[in-house]
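Only one chain is included here, represented as structure tokens and corresponding to the form predicted on its own.
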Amino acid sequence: MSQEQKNKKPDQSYWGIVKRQFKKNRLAVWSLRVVYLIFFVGIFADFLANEKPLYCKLEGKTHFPVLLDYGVSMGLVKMPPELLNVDWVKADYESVLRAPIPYSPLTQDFDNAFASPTKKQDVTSWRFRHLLGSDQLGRDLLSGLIHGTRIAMLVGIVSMSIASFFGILLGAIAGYFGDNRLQVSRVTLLLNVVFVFFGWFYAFEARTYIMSDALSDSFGSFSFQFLISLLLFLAIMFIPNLIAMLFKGISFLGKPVTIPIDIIISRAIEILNSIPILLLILSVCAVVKKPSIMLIMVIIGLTGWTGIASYIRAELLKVRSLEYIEAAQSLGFSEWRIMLRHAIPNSLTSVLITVAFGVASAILTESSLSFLGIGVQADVVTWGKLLNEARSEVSSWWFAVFPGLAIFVTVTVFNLLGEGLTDAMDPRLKQ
């Protein structure tokens, strides 16, 4: 180490201190490295386990089948006719570069049904051996685990993104405004209360049959119809606020009314916390003709915001009385601008901790549903579905051990990461 590096003072900023504190926790550091590995496997799953080669030369033509699949799925290119019926496993290649695991999660190898990872397998070379075994149709377990990693990460990221949006917004409103700082004029409140019934009726009640049919058809159709209803509701609710501007000059109608928003959101959090998420998902999936993994993500996200809201509400209760908030108020900035541009950005540290624990919880919830065979399409491979295979064939111990280990390791590292962030961000431990 050079003398310049020795004399360099450590970063004394908040995040510099958090980084040093986090590095002292070896379990948290290794957990973060495992999380990086999990994300890598999830992102590059098609390149790590695929029956289609990464590169091949077939009948004098060069192809990149895995990359071609990406282009076809995005609608950028069309699959060449000569590749539509190719047996990618047994094709007569002039040259070929395969993925490390030469099987897709749904590739069937009937010669090696229920192949044990520790016993002899009927393969042409070690390259095609099922390293972690196979199921009753000869589908490779390791390939299923690799592609299941992508689903697990998607569930965690998408569901917690939804939960973070609603949790941060509602928690910040509750904490910043409290029960006595959110005020609207009498005419605005009165017109909004009246129009909310019109908005609900025309946007949702009048379109009940349309949305029910869409929900029975697919979650994508329902999402589109729900978006239309939401936009219609917002358009209707814009009308009373426009009308209210015309009557604010009247002293009686323009008099401000205080809304106890904190207690309203707090009671909503308590109500949602009392509803079992698993039971709610089971109820929704029971009425949906084609349940999907996206539906599960949305439900987990819409019911998982309460923890984030509670944390950021507590932070905003402290932040709203600090000097820089008072300075912004003295400059005449609106309360909404102060909350969105100053209060919330300085209160997000606790959200990172909650999100880390929330990702673990979301993955565990999805695995539980997949294990029960609920909410996941037949062609989607998840860790829970792989674990369910052990129920049909008790002797296939590898389907109980390896998917269970993947779920255990992933949930554990996210929990350890959350604990590490909790300790690193604790002001009492900053040195």
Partner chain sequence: MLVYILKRILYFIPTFFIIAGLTFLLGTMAPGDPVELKLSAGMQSSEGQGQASDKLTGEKAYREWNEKLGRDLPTFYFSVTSKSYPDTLYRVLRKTERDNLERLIDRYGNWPQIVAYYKSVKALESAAISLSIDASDSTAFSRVKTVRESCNNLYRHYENEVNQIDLDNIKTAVNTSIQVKDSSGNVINYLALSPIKAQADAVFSSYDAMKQQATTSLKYVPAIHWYGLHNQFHRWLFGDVPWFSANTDPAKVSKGFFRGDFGDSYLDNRPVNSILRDAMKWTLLMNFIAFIIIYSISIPVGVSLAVKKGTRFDKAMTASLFILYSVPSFWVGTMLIIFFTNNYYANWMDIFPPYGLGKIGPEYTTWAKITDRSYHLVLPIFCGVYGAFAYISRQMRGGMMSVLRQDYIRTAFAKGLAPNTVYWKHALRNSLIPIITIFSSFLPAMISGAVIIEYLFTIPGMGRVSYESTVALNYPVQFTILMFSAILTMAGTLLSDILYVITDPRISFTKREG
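Please read all numbers here as calculations on a predicted model, not as lab measurements. Rigid core: the largest C-alpha set superposing within 1.5 Å between the two forms. Residue numbers count along the first chain shown, from 1.
Keep in mind that the form predicted together with its partner chain is missing from the display, and what follows is about it.
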*Of these, L84, V193, L246, I271, which has a heavy atom no more than 4.5 Å from its partner chain in the predicted bound form?*
I271
*Only one of L227, M74, A286, L242 has a non-hydrogen atom within 4.5 angstroms of its partner chain in the predicted bound form; which is it?*
A286
*With its partner chain left out here, work out from 347-355, 180-188, 197-205, 123-131 which stretch has heavy atoms within 4.5 Å of it in the predicted bound form.*
197-205
*Partner proximity in the predicted bound form: L68 to its partner chain, non-hydrogen atom cutoff 4.5 Å*: no
*With a 4.5 Å heavy atom cut-off, would you call I157 a contact of its partner chain in the predicted bound form?*
no
*its partner chain contact at D109 in the predicted bound form, heavy atom, 4.5 Å*: no
*Determine whether any heavy atom of F47 comes within 4.5 Å of a heavy atom of its partner chain in the predicted bound form, and answer yes or no.*
no
*Sequence-ordered list of residues in 387-410 near its partner chain in the predicted bound form, where near means a heavy atom within 4.5 Å*: L387, N388, A390, R391, E393, V394, S395, S396, W397, A400, V401, G404, L405, I407, F408
*Align on the rigid core first; then say whether the Cα of E205 has moved by at least 2 Å between this form and the one not shown.*
yes
*Using a superposition on the rigid core, decide whether the Cα position of V123 changes by 2 angstroms or more between this form and the one not shown.*
no
